[in-house]
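Here we start with a single chain on its own, the form predicted on its own, put down as C-alpha cells.
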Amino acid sequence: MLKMNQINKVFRTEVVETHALRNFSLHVQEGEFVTITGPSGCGKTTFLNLAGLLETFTSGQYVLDGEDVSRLGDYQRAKVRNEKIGFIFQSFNLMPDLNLFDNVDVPLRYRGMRAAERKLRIEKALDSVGLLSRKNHLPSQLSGGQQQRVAIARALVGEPRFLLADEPTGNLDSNTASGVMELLHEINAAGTTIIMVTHDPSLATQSHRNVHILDGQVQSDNTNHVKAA
C-alpha cells in the first residue's frame, strides 16, 4: 500500500539547513492499522505531509498503491490525493458555514461527480458514523466527538485506499476519544488501511504496529500483541 524508501526531506534557508527526515524508510501493507509516535519535532508531521502528497521530498522513493509518486507534478499529486487518501485532523477542519451534508460533499465536488451519486455517497458516509439524521445541522450544533465523526465521514466519502489521521482524538475527552477509536477500528476491520499519529501511548498499543520516530528516522517498528478490532 505505502512504500517509502530512503526518503530525505531538507528545509533550507540562507543560514541553516534542517533535515526533517533522514533516510526514512517505511512499508505499510494493505489493511494495516499503524500508529506513528515520537517527540515533538521528530518528523511526524513531515512524514504525514509527504505521505499525503501535501509536500515533496528532497530525495528517495515513494510508491503508493503500486504507483511511484515520487516525481508527480502538482496536478497529478492533487488527483491521487483526492482519489486515494482520506485525511482526519485533530482540529476537525470543518467549514463552519456549511451543514454536515455540504461539508462531506467537499472532496467529491473536485471529481466532477454527478449530484445524484454524490448524494448517495454522502448519506452512506454520514450513516456509517451515525449522523445521517443531522445532515442539515451546522458543525457548531454538534459536540466535539460528533464533529470528528463528520470529519471521518468526509474522509471516507471518496472511498480512499487509506486514511491519514493526525491526532484524531487530541481535542476530545477520554470517553469521546474511545468512541472515535472504536469507529476507526471498525473502518479498519472493513478493509481500509489507517496510519495514525498519536502522542497517547495507550492508543499506540491498539494498532497492528507502532512505529516510533526520532530525529527524522525510524527508531523502532514493533508489532503489537493486541490487534486492532
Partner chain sequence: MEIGPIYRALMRNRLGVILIAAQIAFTLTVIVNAVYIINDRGELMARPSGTDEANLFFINNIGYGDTYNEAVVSAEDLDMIRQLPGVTAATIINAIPVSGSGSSTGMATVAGRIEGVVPTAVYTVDEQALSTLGVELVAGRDFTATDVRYRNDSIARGDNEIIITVAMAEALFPGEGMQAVGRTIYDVNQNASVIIGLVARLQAPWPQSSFVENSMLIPEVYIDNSAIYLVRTEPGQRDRLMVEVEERLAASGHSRILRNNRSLEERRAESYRIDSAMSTILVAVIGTLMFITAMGIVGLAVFSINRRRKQIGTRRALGATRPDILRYFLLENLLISTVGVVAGAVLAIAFNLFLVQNFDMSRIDWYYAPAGMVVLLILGQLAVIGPAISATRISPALATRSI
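Positions refer to the first chain, counted from 1. Only a predicted model underlies this, so the values are computations on that prediction, with no experimental measurement involved.
Absent from the display: the form predicted in complex with its partner chain. The rest refers to it.
- Here is the short version: of 180, 48, 204, 28, the single residue with a heavy atom within 4.5 Å of its partner chain in the predicted complex is 48.
- Heavy atoms of residue 82 reach within 4.5 Å of its partner chain in the predicted complex, making it an interface residue.
- Contact check for residue 149: no non-hydrogen atom falls within 4.5 Å of its partner chain in the predicted complex.
- In the predicted complex, its partner chain sits beyond 4.5 Å of every heavy atom of residue 189.
- Not displayed here, its partner chain is approached by residue 166 to within 4.5 Å at the level of heavy atoms in the predicted complex.
- If you take 92-123 and check each residue for a heavy atom within 4.5 Å of its partner chain in the predicted complex, you get 93, 95, 96, 97, 98, 99, 102, 106, 107, 109, 110, in sequence order.
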